[in-house]
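Next up: a single chain in C-alpha cells, the form predicted on its own.
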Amino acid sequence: MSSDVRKYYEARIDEDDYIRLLESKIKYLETEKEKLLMKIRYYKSEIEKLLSPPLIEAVVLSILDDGRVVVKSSTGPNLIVNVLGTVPRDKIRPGQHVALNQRGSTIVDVLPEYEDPYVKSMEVIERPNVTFDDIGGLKEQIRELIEVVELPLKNPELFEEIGIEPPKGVLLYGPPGCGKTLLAKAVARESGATFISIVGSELVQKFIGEGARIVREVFKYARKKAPAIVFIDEIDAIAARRLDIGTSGEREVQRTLMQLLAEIDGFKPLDKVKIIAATNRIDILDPAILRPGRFDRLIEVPLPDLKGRYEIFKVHTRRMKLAEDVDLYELARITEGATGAEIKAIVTEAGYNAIRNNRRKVNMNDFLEAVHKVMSKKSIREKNIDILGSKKKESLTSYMF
C-alpha cells in the first residue's frame, strides 16, 4: 500500500472518531438539558405552591336537594357551598372533612380521615418492660385485672357461651406507691392490645368544650384501634364529686366528666375497648362514675402485708449480689407500713451504701441503714401532712364561724 493511500485511511479513521465523540457529547448535553428542565419544572411547582392561597378545612353537615352542601368551616359560621366537578360526590357525606377554596368557599377536595395528633400521641408505642412477674404481693389484684381486661379481649367467645356481658372497666384505688400504675404498665405489656395512656389533668382544658372533645376523640380512636385499653391515671382530676356551686372552670371540668360518663355507658357500644382508671382519692369521686355499668370492678391496691413486702423485696433484689447474712423476711418484718415504692427506695439506698464502702456485695447492715433512712423520712412526711391538714381544718372552721 502506498503512503498516500495509508494517509487517506488514517485521516478517515480520525474523522469517524471525531464524529462519534461529537455525537456522544451531544447525547450528554441533551441528558443534562432534560435534567435541568426537570429541576425547573420542580421549582416552578414549588413556587406555585408557595404562592397559592391556603385552603380552609370544614366538616360536612348535610347535603341539600339541589346538590349544594352545608358545611361547618374552621373559621366560624356554617356555609352553604358548591362542589367542584372533579370531586367525587359519593365521598361527600355528613361528618366528612373537606377542603374549601378560600375565595369562593367551593369544596375542592375530600380530606382523608382525620385523627387528632394530640390524641394519637397518647398511644403507647414502646411497651414498658414490666410484666406481672415484676409485681410482688398483688396476686389477687392481678387475677381480677386479667379476668376483667385481658380475658374479654383474648377470649370473647367464653362470655358469649355463658351469656353474660363482660365488664367495661376497672378502677384501681389505694394509697400512693402501692403499684396501681405498675399494674397498668404490666397490662400494657401483656395484653397485646392498643394501649392509650391519659393523665386526668390532660383532659382539663382552657376553652369550653375542648375537654369533652378530647374525651370523644380518645374513645373514637380507641374504637378504631380495637382491641384497645384506655388507661386514665389520676382520674380524680376530672371525676370529683359534682357541686351545685363552683367557678366556670369547675363547671367545664364537670362537662368533661359528663362526656366521659356518656362514652363509658352511652348509646355507642365500647365493643372491644376496656377502661382502666387509677386514683388514690376514691373518697372524692362522683357516685355516677362508681356505679355498676361504668366501672364494674373496684380493685383495692392496699399497703402490702408481711408476705407482700417479702415478695417485693425478692423482686427488687433478684439482680443484686447479696451477702449471706441478708434476711429478706426480717427486712419485710421491720418495714411494716412501707409501700412498694418505699421498699424499692430501700433496696436502692442499700446498694448505694455498698458502693460507698467499696464493696461488690450488699450486706444486712446496708439494708438496715437504708430502712432507717427511708422510714424516718416517711415519718417526717406524714407528720408534715398531719400538721398541714390540721391547719387547713382550723382555717376552714374559723371561716365558717
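Just so you know, these numbers come straight off a predicted model, no measurement behind them. In case it trips you up, residue 1 is the first one in the sequence shown, and so on.
Same protein, other form: the form predicted in complex with a small molecule, not shown, and the subject of what follows.
Only one of the listed residues (Ala341, Val59, Val371, Leu55) places a non-hydrogen atom within 4.5 angstroms of the small molecule in the predicted complex, and that residue is Ala341. Taking Gly177, Pro152, Pro128, Pro227 one by one, only a single residue has any non-hydrogen atom within 4.5 Å of the small molecule in the predicted complex, and it is Gly177. By the 4.5 Å heavy atom rule, the three marked residues Ile135, Leu138 and Thr181 all count as contacting the small molecule in the predicted complex. The small molecule is not drawn, but in the predicted complex it has no heavy atom within 4.5 Å of Ala222. Asn280 belongs to the set of residues with a heavy atom inside 4.5 Å of the small molecule in the predicted complex. Though the partner is left out of this view, Ile312 does reach within 4.5 Å of the small molecule in the predicted complex, counting heavy atoms only. Contact annotation for Lys274: none of its heavy atoms lies within 4.5 Å of the small molecule in the predicted complex.
Residues within 4.5 angstroms of the small molecule in the predicted complex, judged by any non-hydrogen atom, belong to 341 to 349 and to none of the other stretches in 24 to 32, 328 to 336, 341 to 349, 360 to 368.
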